[in-house]
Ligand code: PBG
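The form predicted alone is given below as one chain in structure tokens.
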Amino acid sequence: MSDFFRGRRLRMKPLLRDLVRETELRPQDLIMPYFVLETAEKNVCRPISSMPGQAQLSPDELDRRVARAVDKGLKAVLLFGIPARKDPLGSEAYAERGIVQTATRLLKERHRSNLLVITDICLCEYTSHGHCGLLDREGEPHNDQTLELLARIAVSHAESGADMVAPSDMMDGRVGAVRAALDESGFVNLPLMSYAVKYASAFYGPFREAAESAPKKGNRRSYQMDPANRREALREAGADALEDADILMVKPAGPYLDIVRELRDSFDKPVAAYQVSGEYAMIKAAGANGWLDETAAALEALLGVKRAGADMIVTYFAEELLGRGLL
């Protein structure tokens, strides 16, 4: 009898490794984000320099690109809008014919039941100052006044056919305000995925180019979380759970896998994680320079997020990995 553990026995053959594999990454685990641009032009595809392979898309181009991805197995998208006009109130965010509303109607008309359309609920892409809420006299987002507008955005997205809404602004009480507005408008069965734990992260840089949403002044540290805090994550997620969020999200994913696990162990709700633009850009840049195998690194990073406890992952790699038949 061996006097030590022979773990290699179950790793010697590919079929054995498959048999004992503990975590699987599946097409239905992934949500693909898209940036849809309000424009009268057709066939618009503006590459995002810091996010190779990603682009700002006109609605018709979005429609074509999503259709190809759905044919390859994509099940869910997350839409971000880039309006033609911005103002201090972010009024295009809740306009009946706003860009996300238009894109949602377009995608649901084509795909109906075979694609889940999730819409981001925030004001930062729509406000002229770039913050996620209305500003007070000191230039800080006014929490309670912002809630009404977030609720209006959510209802307008629901009326346009969204399958799920995802508040990302990090205003206190937003989940309760959005849930109440949806229920009062007859959308009691529309689920809500909350960006419950969203850190003030350096990894958002490329996204701010993509969504044209960088603050003109100041930063978002008064409403996004301090990266040093772990216990606070449970308080934030707990508040959103009490306000009836259906899914709790951690953002970013990779640097916060401990937080993903905390939520998985602490809440009896589905957990989402967002592999953000900076995480995507780093893997892309290293792959382009030959420093690592880009595909293998992307799959390993996503598998790590799933292993940490995420039920679903928002990732810019979804379309590419599915298109190449890697899942």
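Fair warning: this is a prediction, and the values are worked out from it, not measured in the lab. Don't overthink the numbering: it's just position in the shown sequence, from 1.
The same protein has a further form, the form predicted in complex with the ligand, not shown here; the description that follows concerns it.
The stretch that touches the ligand in the predicted bound form, counting heavy atoms within 4.5 Å, is 199-207, out of 148-156, 236-244, 176-184, 199-207. Interface membership of Y195, defined by any non-hydrogen atom within 4.5 Å of the ligand in the predicted bound form, is confirmed. Contact annotation: S277 falls within 4.5 Å of the ligand in the predicted bound form, judged by heavy atom distances. Contact annotation: V100 falls outside 4.5 Å of the ligand in the predicted bound form, judged by heavy atom distances. At the 4.5 Å threshold, heavy atoms of R220 reach the ligand in the predicted bound form. The listed set C124, V77, A162, A253 contains one residue whose heavy atoms approach the ligand in the predicted bound form to within 4.5 Å, identified as C124. Of the listed positions (A93, L107, L248, C132), a single one reaches within 4.5 angstroms of the ligand by any non-hydrogen atom in the predicted bound form, namely C132. For the partner-free chain shown, just S168 of 157-183 comes within 4.5 angstroms of the ligand in the predicted bound form, judged by any non-hydrogen atom.
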